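So here's one chain in two forms, each on its own in structure tokens, numbered structure 1 and structure 2.
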Structure 1
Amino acid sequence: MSIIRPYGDTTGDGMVQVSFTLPIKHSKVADGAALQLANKMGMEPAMVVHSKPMGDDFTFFVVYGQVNHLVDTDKVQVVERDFPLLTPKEANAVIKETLRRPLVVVGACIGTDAHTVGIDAILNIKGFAGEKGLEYYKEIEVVNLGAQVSVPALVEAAVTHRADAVLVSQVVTQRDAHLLNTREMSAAFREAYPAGERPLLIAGGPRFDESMTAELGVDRIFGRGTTPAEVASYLVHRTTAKEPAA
């Protein structure tokens, strides 16, 4: 068992700092309110070291204090990503070394879904959350088919471009359209390719359950908040590890 607590300048002092805003006019009452909040957060004793009015209705605080909580590192539970997260440079290097050709990714919004926001966030160089999209990766060749692509057209594009992976984005979920479309897509790929030769199939969208891969017939599902680097790292992990797609 390993018990730790925050460290300010002495082992075991438990010191932390927080800053926050309260929707209240700057006053003695405001400072007291900040102190009360800090106490309720487990900071005892706490010091409001800075409070500043922001307009008439808000006050900003910086608070230092001692927390009475202990942390047991043996009881920490984390869900480990089952592939290493790579920077674009690292991803490019691995592809160059193992595939010795660009990794080809075909992406689309299938069905009647016209919301390319998801697929564009992952593929467009502009990217998402401060990360560049897959187009930015020198060793990844991106074919973005855009919106409202039919499943046969997607399969054809995947064959033509010799896709290593196919990314499908689904935002619209009316009548479970995202689930139906994704099943239709994975079935079509299983039909079009000999076993073990089909590209990786990846579905993405804010309403998917990431654990539904088997049910939908895809290799991976990425949910809300997924960044391009996570997708790229997964692609590199799967395509360069020589595991055949299921």
Structure 2
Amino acid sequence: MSIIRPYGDTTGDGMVQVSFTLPIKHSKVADGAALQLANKMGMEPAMVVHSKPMGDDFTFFVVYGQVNHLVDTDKVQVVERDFPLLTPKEANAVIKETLRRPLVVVGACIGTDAHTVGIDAILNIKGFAGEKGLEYYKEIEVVNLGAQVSVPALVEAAVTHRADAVLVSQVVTQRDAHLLNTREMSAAFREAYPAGERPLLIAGGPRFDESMTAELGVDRIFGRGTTPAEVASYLVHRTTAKEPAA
């Protein structure tokens, strides 16, 4: 079945729950404003099941209601994994046999972003979701520059360490900072490296659209829930397949 509807209390009833904040003091008028917005979003009937003041002039809402929209899963477009998922042992073996040297990865949070949870989950040996990070891989050399790294400093580190791949994590998204920073980063690497010789450029973070690689000038985007094994497998796939960076 390719046509589906939301499920709340019974199959296909179209019930959904959404949350949002409005710049209005918590009151009955605020609840009414939330319902008006829900109706304009296509939720009808709708009810405010939770509202709470967020400071003096803001209110947070949870609204539950019915929508009539249908979803056609045959028309959903996503970026599927197009490389085999390897264990650390398998990844190490391929790198050792093919590159015959360590695969060098430089990672950082660029710009003013100080949120290292994402990049550390991928790079640090403790890893994420029960998987060891890239530092655990014997044939991968990891250079973790940490937070608030400038783009020039990132390029310099990549050149110094002769990086095969550069991973940047972006959590801060106000005013599309993650997109602006990533574009700046990709432009700087293209300026610093001759055509076909730059390292792989990989961006990651919870608010990225994985289909925007060409628009942002990177080779791959990883979204929320990405595990170290996925990143390691992609790196092995690209660096040992003799495919030049785009």
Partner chain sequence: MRLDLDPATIARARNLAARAGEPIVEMAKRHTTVAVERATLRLAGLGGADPDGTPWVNHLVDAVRADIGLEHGVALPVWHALAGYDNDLARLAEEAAAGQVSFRLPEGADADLAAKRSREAVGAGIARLDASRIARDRMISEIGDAPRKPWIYLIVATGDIYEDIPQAQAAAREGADIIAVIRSTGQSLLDYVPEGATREGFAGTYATQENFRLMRAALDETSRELGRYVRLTNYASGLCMPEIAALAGMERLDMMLNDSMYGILFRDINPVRTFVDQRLSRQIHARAGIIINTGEDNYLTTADAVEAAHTVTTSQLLNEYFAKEAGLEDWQLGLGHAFEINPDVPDSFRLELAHALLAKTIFPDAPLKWMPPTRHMTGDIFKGYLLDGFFNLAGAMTDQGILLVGMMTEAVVTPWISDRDLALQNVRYVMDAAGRLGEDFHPAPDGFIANRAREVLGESIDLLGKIIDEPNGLLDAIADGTFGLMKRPADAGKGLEGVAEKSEAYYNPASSILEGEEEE
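Throughout, rigid core stands for the largest set of C-alpha atoms superposing within 1.5 Å between the two forms. These numbers come from a predicted model, not from an experiment. The first residue in the sequence of structure 1 is number 1, and each one after it adds one.
Trainee: Just checking, which of these two is the form predicted alone?
Mentor: Answer to the question: structure 2 is the form predicted alone, whereas structure 1 comes from elsewhere.
Trainee: Can we say the CA of Gly65 moves by at least 2 Å between structure 1 and structure 2 when the core is superposed?
Mentor: Yes.
Trainee: Does Asp56 move appreciably between structure 1 and structure 2, meaning a CA displacement of 2 Å or more on the superposed rigid core?
Mentor: The answer is yes, as the C-alpha of Asp56 shifts between structure 1 and structure 2 by 2 Å or more after core alignment.
Trainee: Aligned on the rigid core, do the two forms place the Cα of Leu201 2 Å or more apart, comparing between structure 1 and structure 2?
Mentor: Superposed on the core, Leu201 moves its C-alpha less than 2 Å between structure 1 and structure 2.
Trainee: Keeping the rigid core superposed, can you check how far the CA atom of Gln17 moves between structure 1 and structure 2, in angstrom?
Mentor: Comparing between structure 1 and structure 2 after core fitting, Gln17 shifts 27.8 Å at its C-alpha.
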